[in-house]
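In the block that follows, a single chain appears as structure tokens, in the form predicted on its own.
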């Protein structure tokens, strides 16, 4: 018997971090198992899903613009127009299965209610915790000609990770935790992805073994802050790394992203002696100013960060990358020079450098965004140019 979705196509566009990339991959796998095919071009798809990021205002503005451009493609808009003419034409459009438009992920959690009200052509809005329900929601929308919004925050179903589809042969990302409980003052993640939730070690190991059975030998462990991992039995991130390292068939292990405040020498010693763990550390410092770090609620000082980097270079001797924010509220030229100083001292292999933008629901939103945009842009450009010289040296 032919699958009712045979020939149907889904296009998932992904914005933001590696967590979103893995979420999109897992979701696409669920659709493929239900008979859908993947479409690169939204115009070729029956279902268009935007898996979004809410960390930067610029990203949200871009997604809003894209959603607006999809209005003419939406099944709901066309059906509503047809219903004004006659019911027969409306039924015909339903039968033809016009495109379903969905906003999913962090932006859905952050702005979903407002978009549901302001953009009636968007049929589906789902927060990160409920992505596993999307294929069923799509079927319900098609059958009942309704719109669905689900922003419930709960633990994600483990079945979400079970699909065998992988974008890159030989490489897989494995989520070890979702959400975050660090509450950095600028960061929207706890409000859109929830507090820290750990997957069970046995489920993580089972997924890695499943990847190995598919011929995948390179594994990246993912979490908002991977070294926050510690389950009820006391298994911490270093323990988890050892468990993955011991698996036959795994040849290379990487991880994203640790937080400086709880990164330990124990981790560095394991990295140094391991033949499988990649000798690379992505360690965001965000600012070099102690004053700004306190306002950011980062939990370390410039001196402590530099000492941590020295430990890493001494013990591991590997490469290092980072994240930086310029223009945080109250940032002076002196504060900026401290940030620049870390970049010059550490000489990172690469750096993601961002201009601060206030995000709804964060503590920093209460602070006056008092660094002029032209100053943010100048500081941003200066660090980008400096990092370019370092990377090319």
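Residue numbers count along the first chain shown, from 1. Not measured: the values here are computed from a predicted model.
Quick note: we don't show the form predicted together with a small molecule, though the next part is all about it.
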Within 4.5 Å, heavy atoms only, which of 64, 34, 338, 56 is in contact with the small molecule in the predicted complex?
56
May I ask you to choose, among 27, 50, 325, 45, the residue with a heavy atom within 4.5 Å of the small molecule in the predicted complex?
325
The small molecule isn't shown here, but in the predicted complex, which of 112-120, 129-137, 183-191, 312-320 has heavy atoms within 4.5 Å of it?
183-191
Residue-level question: is residue 348 within 4.5 Å of the small molecule in the predicted complex, judged on heavy atoms?
no
May I ask you to check whether residue 211 falls inside a 4.5 Å heavy atom distance of the small molecule in the predicted complex?
no
If we define contact as a non-hydrogen atom of the residue within 4.5 angstroms of the partner, is residue 354 a contact of the small molecule in the predicted complex?
yes
Is residue 289 close enough to the small molecule in the predicted complex to count, meaning some heavy atom within 4.5 Å?
no
